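In structure tokens, one chain follows: the form predicted on its own.
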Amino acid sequence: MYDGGKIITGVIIGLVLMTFPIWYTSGRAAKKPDIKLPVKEKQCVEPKDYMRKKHMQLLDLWRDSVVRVAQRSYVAFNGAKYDMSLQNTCISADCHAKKTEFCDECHNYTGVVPTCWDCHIEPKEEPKEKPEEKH
């Protein structure tokens, strides 16, 4: 009937377990992603700050325009025309060719799970070649 010691011990153990993630990672910041900029293109469809903050809204606009209105061209801020295509414009050989080095870096850092690949085919990347061993 007098289990006060067991209750207090249980509460302390519970508090330690519940707060473990907070104090275990205290002072350790996640590594900021090392973003690989476009390979050949010097300019994205919109300025860098806009793309960092609102690229998902732009891709949603593209999706809605292509699927619902059948509009396939996008006129950028500088007057350049682009094909509204995730795979053929954004993740192409000229721009952000490697999904793992571009998209995944930031999405993993921020803990975001995009739904792009629910509809689109995820691009296959060539594995890095290993240097040949000399015998």
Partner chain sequence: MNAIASLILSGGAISMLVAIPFLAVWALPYVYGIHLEWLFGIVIPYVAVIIFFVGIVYRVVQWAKCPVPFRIPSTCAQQKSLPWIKYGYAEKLDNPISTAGVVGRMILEVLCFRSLFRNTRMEFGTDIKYKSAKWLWLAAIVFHYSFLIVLIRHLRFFTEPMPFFVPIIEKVDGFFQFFLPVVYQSGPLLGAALTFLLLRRLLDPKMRYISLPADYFPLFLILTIAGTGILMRYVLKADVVSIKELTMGLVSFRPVIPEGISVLFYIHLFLVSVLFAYFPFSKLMHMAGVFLSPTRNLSNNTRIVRHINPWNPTVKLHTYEAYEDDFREKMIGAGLPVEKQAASPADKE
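Quantities reported herein were computed from a predicted structural model and do not represent experimental measurements. Residue numbers count along the first chain shown, from 1. Each form is matched to the other, and the largest set of C-alpha atoms that superpose within 1.5 Å is called the rigid core.
FYI, the form predicted together with its partner chain isn't displayed, but the following is about it.
Visitor: Although the partner isn't part of this model, could you tell me whether Lys53 comes within 4.5 Å of its partner chain in the model of the complex, counting any heavy atom of the residue?
Guide: Judged by the heavy-atom cut-off of 4.5 Å, Lys53 is in contact with its partner chain in the model of the complex.
Visitor: Taking heavy atoms only, is Lys98 within 4.5 angstroms of its partner chain in the model of the complex?
Guide: No - in the model of the complex, heavy atoms of Lys98 and its partner chain never come within 4.5 Å of each other.
Visitor: When the contact criterion is heavy atoms within 4.5 Å, does Val112 count as touching its partner chain in the model of the complex?
Guide: Val112: contacts its partner chain in the model of the complex.
Visitor: Taking heavy atoms only, is Lys42 within 4.5 angstroms of its partner chain in the model of the complex?
Guide: Because no heavy atom of Lys42 falls inside 4.5 Å of its partner chain in the model of the complex, the answer is no.
Visitor: Going through 3-22, which residues have a heavy atom within 4.5 Å of its partner chain in the model of the complex? Please give them in sequence order.
Guide: In sequence order, Asp3, Ile7, Val11, Leu15, Met18, Thr19, Phe20, Pro21, Ile22 come within 4.5 Å of the partner.
Visitor: Using the core for the fit, does the CA position of Ile12 change by 2 Å or more between this form and the one not shown?
Guide: Yes: Ile12 shifts by at least 2 Å between this form and the one not shown.
Visitor: Comparing between this form and the one not shown on the rigid core: C-alpha of Gly111 shifted by 2 Å or more?
Guide: Moves: no, less than 2 Å.
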